[in-house]
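The chain below stands alone and is given as structure tokens, in the form predicted on its own.
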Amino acid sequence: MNYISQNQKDKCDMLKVIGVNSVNELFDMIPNSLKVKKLNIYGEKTEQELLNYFANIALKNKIFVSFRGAGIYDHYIPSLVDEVIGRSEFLTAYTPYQAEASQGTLQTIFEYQSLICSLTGLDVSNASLYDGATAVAEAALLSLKVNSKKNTILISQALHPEYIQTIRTYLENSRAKIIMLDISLDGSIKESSVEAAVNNNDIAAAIIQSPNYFGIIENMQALSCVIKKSGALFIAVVNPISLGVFQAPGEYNADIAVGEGQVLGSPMSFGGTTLGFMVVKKSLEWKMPGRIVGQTTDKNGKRGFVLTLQSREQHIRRERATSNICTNASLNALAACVFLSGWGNHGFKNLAETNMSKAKYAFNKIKSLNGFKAKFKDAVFFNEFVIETKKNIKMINKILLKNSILGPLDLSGTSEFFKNCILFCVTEQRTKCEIDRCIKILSEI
């Protein structure tokens, strides 16, 4: 099929529909100071000359060092990841409807599922969801279908606020109720508050995040015991990299593990190229949203792969579908598969330990500065921590930004409890030199 570009009439019609007079108007939001007035690419130039010319223009870009996380994180992506996902058979492939024509794609999804199950200690993974927020909301729906006579979900107040908002959106027109579990003074959820809440026999599931939104590791083993005694499902929201050093959800008897997989080989990209993962116990597999790829053999006894489960509205009657999730983030799932394979067990553990040690180093330095103190002094955290400050937070981030540093997240709008608090993130990407430079700037504000 030939590609025929739009003619002038087509372009005018398109511009009229979106309400602008010219293509240039689409770029009006870009300051004139950042626009190149004229590109000096006329005349005969070699490829090398052109590359050098554009490289010099690119030098004007500012490269920011990030000390901000809150759901999307700056991790090193090994070159192996881009090498594999950049191959045309993966980069341009679409939904694997026909198994006989999609063995490569199906196998990569199968390998991804296997690795996620191994990482979380649970039985069955789907072929990924849109993002962490979607995965958590879908887990809430799943729990209501399993415990159909119950209609209340317990949610940790320390769950990512965007995840909470997504759950509320999913459930707003249903009979489901939400009860929020307040965080304690040390930033975690206490067993006593869960115990008081689950005394209500109407609890379908409890959703707890660890590391939570404030970076703190919850006592998931103790919380699980309280939740499971009530007959509710336990939904664990986890950062997969933290599982290199902390208990896997399967080890503390979680029924469902969900979270954001961007940390596994996908870039930050102004808010992420995201991937939601979901893993469940065997007994829940038929209630899972999306797809599951399975391994089988053909008539000649050779190994092959098929879509084993597709419980969505495109394949069965709409009212019987478990979800309206229509696709999976298969390219990001492949990136996660390559990322996990490349690190291996020992390397992945080292990666998690490096995240912890660098964050601990930054935490100890920052909390000792004049005008800064730890919000939660004795809490165990992963790669994020909360600092309380007497200084102007907007001023802090403005000065850091001038020094090419994306500073901490202002938590003041979260609640009165977090007034004058900021959330720092330090991953393995941050060097000692970068951390020390940030601390020096903070000390001089």
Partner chain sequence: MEKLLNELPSSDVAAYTIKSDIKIDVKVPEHLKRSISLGLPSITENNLLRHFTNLSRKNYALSTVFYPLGSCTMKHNPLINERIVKSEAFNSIHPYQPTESLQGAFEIMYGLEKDLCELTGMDYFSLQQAAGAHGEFAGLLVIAKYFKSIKQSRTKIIIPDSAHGTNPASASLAGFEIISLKSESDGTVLPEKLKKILTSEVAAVMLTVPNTLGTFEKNILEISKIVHKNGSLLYYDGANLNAVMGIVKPGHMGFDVMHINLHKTFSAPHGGGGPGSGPIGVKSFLEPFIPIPRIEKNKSKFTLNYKKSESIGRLKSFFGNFHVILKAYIYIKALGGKGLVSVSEQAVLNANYMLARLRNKVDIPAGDRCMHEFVLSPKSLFRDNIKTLDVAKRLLDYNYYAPTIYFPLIVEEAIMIEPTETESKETLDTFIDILSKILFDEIIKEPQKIKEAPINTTVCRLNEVEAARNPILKWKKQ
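We call the rigid core the largest set of C-alpha positions that still match within 1.5 Å between the two forms. Just so you know, these numbers come straight off a predicted model, no measurement behind them. Residue numbers count along the first chain shown, from 1.
Absent from the display: the form predicted together with its partner chain. The rest refers to it.
With its partner chain left out of view, the stretch that reaches within 4.5 Å of it through heavy atoms in the predicted bound form is, among 178 to 186, 288 to 296, 151 to 159, 224 to 232, 288 to 296.
Its partner chain in the predicted bound form comes within 4.5 Å of no heavy atom belonging to Ala196. Among heavy atoms of Gly104, some come within 4.5 Å of its partner chain in the predicted bound form. Using a 4.5 Å cutoff between non-hydrogen atoms, Thr273 counts as a contact of its partner chain in the predicted bound form. In the predicted bound form, its partner chain sits within 4.5 Å of a heavy atom of Gly304. For the three marked residues, Phe214, Gly371 and Ile399, no heavy atom of any sits within 4.5 Å of its partner chain in the predicted bound form. For the options Asn253, Ser283, Ser114, Asn200, the residue carrying a heavy atom within 4.5 angstroms of its partner chain in the predicted bound form is Ser114. Contacts of stretch 349 to 366 with its partner chain in the predicted bound form, defined by any heavy atom lying within 4.5 Å, are made by Lys349, Asn350, Leu351, Glu353, Thr354, Met356, Ser357, Lys358, Lys360, Tyr361, listed in sequence order. Taking 2 Å as the criterion, Glu416 does not count as shifted between the shown form and the other one: its C-alpha moves by less than this amount when the rigid core is aligned. Comparing the forms between the shown form and the other one, the C-alpha position of Cys433 differs by less than 2 angstroms, with the core used for superposition. For Leu406, a C-alpha deviation below 2 angstroms is recorded between the shown form and the other one after rigid-core alignment.
Whereas the shown form places them at one spacing, the Cα atoms of Lys35 and Ser404 lie at least 3 Å farther apart in the predicted bound form.
A decrease of at least 3 Å in the separation of the C-alpha atoms of Asn61 and Ala70 is found in the predicted bound form, compared with the displayed form.
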